[in-house]
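Only one chain is given next, in structure tokens, and it is the form predicted on its own.
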């Protein structure tokens, strides 16, 4: 009954063609039904039905990602069939679904051994293909002897696939080198092009992992390079020599001649020609003849209409560019022309080559060319051009930039490119140049004002960071501006509502810097210098005070007050707080402006407050290294991991807010100025601190001395007035910038502005690749095998020499016997002496071993 059911199932079983037709009608429901049928059919005992079910399951797994790991045991059953069609389906399923974690993997070892020893070359081929895909450490170890036997098979198909399997076996079981390596090397002398291609491919992969181990095989590879006519074999041999020549310099001189011969051939294949060029550029670049010939041949690639060949030519130039830039400069016109190619890969390679050519002399010309291409390129390539220019110009702290006024204008031009999305990079460089290059700050302020008043930038969210940098530079370096009123007007224009709140906060803060600077100049008692910045007067009849008139400063204050009134009610807390702080400050100093115009010698508290704010903003900012914090050493004895809540009880008086009695109820005062004045008064007074507070603090210090820094203050820390100098510099600053570094260098040509550079140690160090190579056991095994091969040859030579010595001794004995004879004594002795001399000459003559490297 069971056999009849099995027969019926096999008769009405759907084939793979039926499965494919059904999938074309409807996938979702049909796949689930088909899987149910496969699960039922694959459990049957009939191998034909089982194999068809396994074939359908393999198809669904390959195209639809169906899990087939559950059918691993059934695949082993199908492989054990005696029919070749079943074996092929089973091996295909095993190669597709088995992994190192498959439970039934051990069951296939004997079946693989059986098929590897089969007389049917196609069954052997199936087993070898399966071993190459799923070979594990255990399988490689157990089947090494079978692979060794197949490496000497008389059937080309079997031997070719056995050579390919060796790569997997060596990788999983390095000790197999002792068994198979010698026979693998012997296949290098095969006359069959298919076998030679297979074995050279294996050595090409092995050489890529560890070239040094295969240097002794250079003579065999050289012979193939000279004698072979197969382009693919030659390409792989060239790849091998490219690795070996980089290790052994003497090899480059020997290989250069046959490589040049291949390049000079008339009908040489483009693939082989390109491989010769790449080998010369990467490993034989010290050979002048080969290098010049390769440059000539690469020009043919660049002039070809085929975009693939043009790309290969540009790629080859990018290989030689770091060492021989002249080769790229000779093809500059072709590289620039490639920027207008339709193929994006060709344009990208041309862009990389142009960036490699950039130096101090041609940076202006190349940047102009690239900006013209950026204007007419698609958004993706446009931003790639802009990013490449930014990276090249900022390399090594703007080493190639001589004219920073030009470069700042270029950054402003980049911001106006319609497709520009590099706002972050441009923002960083605008701020970086401002902090590093003093001579560029005047142009930076001019460029920043032009960016602030450009309405097109406000609507592009990618350019908002540029406006943030422009606003910061306009406020930070406002003393270089010729029109502070126009800067404040640009910072507070109504269109700034399009900006994010974080950038509007920067706008408000910069406007506050402009206001403080203008008020400081207005209230200053000094005469205006030639570099003082004069604001245009709104009234021709007003008198000027230090470059500002009463009407001009009043107009500036009124404009800032009007612009900030609408921002005092915004929903963003930071913008609201900054606006209200400035409005409060304006309310304090507004009436003092009129008094200053009448009484110029009045010294009020508001005047001192303005001077204090001017001092706060006058501190120059410099570049800070990303590793500056790591340079500050941790003081000895300082513990920061423990809880220090006990200090809150001791320092309560310091932490409590100022009492309301400190403020005058009838007059609004400037708190920062009062704090400064009060600090000065407290510093000048000699009254000791309260007794209770000092005793509690001393007691806490005594009990918890571990949490305090060591106190080593002495009279040396006091100034001439007796005040303690609490600002002693105990630690090195984050960025050590000397004053002398800002002095201009004397040059015959136009002097280059000084760029402040950080210490060399500030740059993050790239850790070397400490990961140990997984191919070390294989390399050691290869070296041992090659040494053993050399020793075997030496033993053969010693054995031959020993046999020659024995022959010589026999000849000498026979000559003695002949001497005793009286009849032919003279002749025999002469003949024997001649033979003896010939033998001795052959023994003493050294064996010549040709050295390929010499």
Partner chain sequence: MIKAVMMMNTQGKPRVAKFYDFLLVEKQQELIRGVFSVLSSRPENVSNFLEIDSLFGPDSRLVYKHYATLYFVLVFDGSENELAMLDLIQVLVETLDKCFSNVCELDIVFNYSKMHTVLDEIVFGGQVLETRSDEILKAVEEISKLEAASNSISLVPKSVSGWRGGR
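Positions refer to the first chain, counted from 1. These figures come from a predicted structure and were not determined experimentally.
Separately, the form predicted together with the partner chain exists; it is not shown, and the next lines address it.
Heavy atoms of residue 67 reach within 4.5 Å of the partner chain in the model of the complex, making it an interface residue. Proximity of residue 97 to the partner chain in the model of the complex falls within the 4.5 Å heavy atom cutoff.
At the 4.5 Å threshold, heavy atoms of residue 205 reach the partner chain in the model of the complex.
With a 4.5 Å cutoff on heavy atoms, residue 120 counts as touching the partner chain in the model of the complex. Remark: none of the three candidate residues (304, 428 and 449) comes within 4.5 Å of the partner chain in the model of the complex, counting heavy atoms only. Proximity to the partner chain in the model of the complex, defined as a heavy atom within 4.5 Å, singles out one entry of 498, 157, 756, 188, which is 157. The partner is absent here, but in the model of the complex a heavy atom of 194, alone among 194, 461, 149, 246, sits within 4.5 Å of the partner chain. Heavy atoms within 4.5 Å of the partner chain in the model of the complex are found in exactly one of 81-89, 615-623, 480-488, 408-416, that being 81-89.
Residues 165, 167 are the members of 165-185 with a non-hydrogen atom no more than 4.5 angstroms from the partner chain in the model of the complex.
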